[in-house]
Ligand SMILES: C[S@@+](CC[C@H](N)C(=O)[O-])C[C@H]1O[C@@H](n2cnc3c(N)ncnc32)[C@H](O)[C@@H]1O
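The chain that follows stands alone, in the form predicted alone, written as structure tokens.
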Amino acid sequence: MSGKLKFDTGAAKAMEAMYLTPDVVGQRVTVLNALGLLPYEHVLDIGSGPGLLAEDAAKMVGAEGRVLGVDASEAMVMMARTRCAALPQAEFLTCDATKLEAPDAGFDAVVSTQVYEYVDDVDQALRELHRVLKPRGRAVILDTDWDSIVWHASDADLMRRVLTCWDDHLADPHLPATLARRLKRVGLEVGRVEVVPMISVGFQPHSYAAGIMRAIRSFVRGNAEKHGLSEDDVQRWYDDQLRLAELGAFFFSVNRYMFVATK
């Protein structure tokens, strides 16, 4: 992983809360539908995070199947192990996406959501995905392109500066634009690509938009000087969003792109 955003215990809990919002739950259903898991199948979840998708996958493949979740963050792995403690078919390991601790051609399906955009050597990570996938196996990959964001603000220039700083938390904030070519280059055939939008018209405290606001404020505060921002600028940006929410003028949208490929 790039190491630009540290997924320690606090960050893991914040991410878990965001992943439990209705927006992200809906995204998870979309990804699981695309995977089309069957009983007895073996599934690898790259960047399994707090284990929410892995938990659902383990229930779908049943006791005779297997789900292996891998994540670079020990805090995430511990959270996932706790979540899936009653599902012996689910196992979790700490390892990097570019060096998977998994056998060649060992999995019927591989899934990775919101992970490769954090990986510095994404081509090596995709070669690893190809290696562990069985012939005719399928992969579902979902990542965000932050160029797709539409976010209403009273100060458009301040919004632009904050989001430019936020881009630094990723290895590639625009990965989907090149992902189809990269997948083909490692030997995977892309069958379809779908847009999975995250959108909030009006503000809800328990939403992806609210969670990402908090994450951006925290990250940008720690990296503000690099982009000529002050902590006051960051707080002014955040307060503006809360004011727009009170006025009923809050609007947020960003696109994620889901690639479904086969080996």
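Because the structure is a prediction, the values reported are computed rather than measured. All residue numbers are counted from 1 along the displayed sequence.
FYI, the form predicted in complex with the named molecule isn't displayed, but the following is about it.
The named molecule isn't shown here, but in the predicted bound form, which of 88 to 96, 129 to 137, 185 to 193, 146 to 154 has heavy atoms within 4.5 Å of it? Looking at the other structure, the answer is 88 to 96.
Interface residue in the predicted bound form among Ala109, Cys84, Val115, Val162, criterion: non-hydrogen atom within 4.5 angstroms of the named molecule: Partner contact (heavy atom, 4.5 Å) among the options: Val115.
According to a 4.5 angstroms non-hydrogen atom cut-off, is Phe250 in contact with the named molecule in the predicted bound form? Residue-level check for Phe250: no, no contact with the named molecule.
Taking heavy atoms only, is Leu175 within 4.5 angstroms of the named molecule in the predicted bound form? Looking in the predicted bound form, residue contacts with the named molecule do not include Leu175, since no heavy atom lies within 4.5 Å.
Report whether the minimum heavy atom distance between Val119 and the named molecule in the predicted bound form is within 4.5 Å. Residue-level check for Val119: yes, a contact with the named molecule.
4.5 Å heavy atom contact, Met76 and the named molecule in the predicted bound form: Answer yes; at least one heavy atom of Met76 falls within 4.5 Å of the named molecule in the predicted bound form.
Who in 41 to 80 is close to the named molecule in the predicted bound form, meaning a heavy atom within 4.5 Å? Read in sequence order, the residues that approach the named molecule (within 4.5 Å, in the predicted bound form) are Gly47, Ser48, Gly49, Pro50, Asp71, Ala72, Ser73, Met76.
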